[in-house]
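Heads up, the chain below is alone and in the form predicted on its own; it's given as structure tokens.
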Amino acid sequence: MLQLSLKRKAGIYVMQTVSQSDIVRDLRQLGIMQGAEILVHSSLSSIGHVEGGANTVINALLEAVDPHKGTVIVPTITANAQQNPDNPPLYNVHNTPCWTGTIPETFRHRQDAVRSLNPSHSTAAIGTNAENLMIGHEDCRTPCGFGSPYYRLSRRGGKVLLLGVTLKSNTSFHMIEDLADVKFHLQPQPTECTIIDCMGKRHLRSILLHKWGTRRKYPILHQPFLELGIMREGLIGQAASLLIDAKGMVEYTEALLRKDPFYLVDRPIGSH
């Protein structure tokens, strides 16, 4: 665990760095073993002073799962609130940066990374099942629903790792909203999106994009997930982290949303 000391007058922070082996140890203690398939949402700064930065974290994740046996997936999302049928996204798998953090942006540039072709909620993967998990994402009717990497991971016994972030960052909840046929999270009309693949070829796909503006309260599921054994807590470096069983998460949350589609919506007091 990172230790910090401060020289008051000089204003100099003297830190012990977090190494790759430290991160691998912490991942193991949290429950990530060789052969695992994990979707990782992350905050690099939350871990502490990582020796080698984002690449060290990526190397540790790959060492933990063993890319010859398991797979690491990261969200490389490019969606924004301005995208709609009148302002469709233009997505280039090589050149369109993601906004999901330093780790995913570094990850997607790796030579062995495979990035999906969805124009709003793409993911990137490295490992033995990277191709199988990424393929066809551009043909999905919605960004996170049936056939997406988020959906496939949940059907394959995969895990969601929230490394230094909370349930607020768990994009898989949008997949569950899709499965439960929640109406408010998708735009009502499809958008014709332009996708440029790794060979520079252009493709057009008509997709129902995410609808922005509805505030969620996903963290209310934190305690139920712990009590049901769906989720485990631990530290990775200094980062408070969560490891979630994707299948259990889907089954529990989908049942809630089928009973009350607005269960996870942050509604003002007195609203209906």
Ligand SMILES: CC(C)(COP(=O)(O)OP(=O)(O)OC[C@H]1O[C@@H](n2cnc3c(N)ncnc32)[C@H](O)[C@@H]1OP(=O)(O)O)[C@@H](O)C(=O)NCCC(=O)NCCS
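Since the model is a prediction, treat every value here as computed from it, not as a measurement. Sequential numbering from 1, following the sequence displayed.
Same protein, other form: the form predicted together with this ligand, not shown, and the subject of what follows.
- Contact with this ligand in the predicted bound form, judged by any heavy atom within 4.5 Å, is made by just one of G158, G101, G127, P143: G101.
- Checking I77, I196, A180, C193 against this ligand in the predicted bound form, a heavy atom within 4.5 Å turns up for just one residue: I77.
- Using a 4.5 angstroms threshold between heavy atoms, H203 stays clear of this ligand in the predicted bound form.
- Looking at G70, you'd find every heavy atom of it more than 4.5 angstroms from this ligand in the predicted bound form.
- The closest non-hydrogen atom of I236 lies beyond 4.5 Å of this ligand in the predicted bound form.
- In the predicted bound form, this ligand sits beyond 4.5 Å of every heavy atom of S116.
- Only one of 185-193, 89-97, 161-169, 133-141 lies within 4.5 Å of this ligand in the predicted bound form by heavy atoms, and it is 161-169.
- Using a 4.5 Å cut-off on any heavy atom, the residues of 16-54 that reach this ligand in the predicted bound form are, in sequence order, H41, S42, S43, L44, S45, S46, G48, H49, V50, G53.
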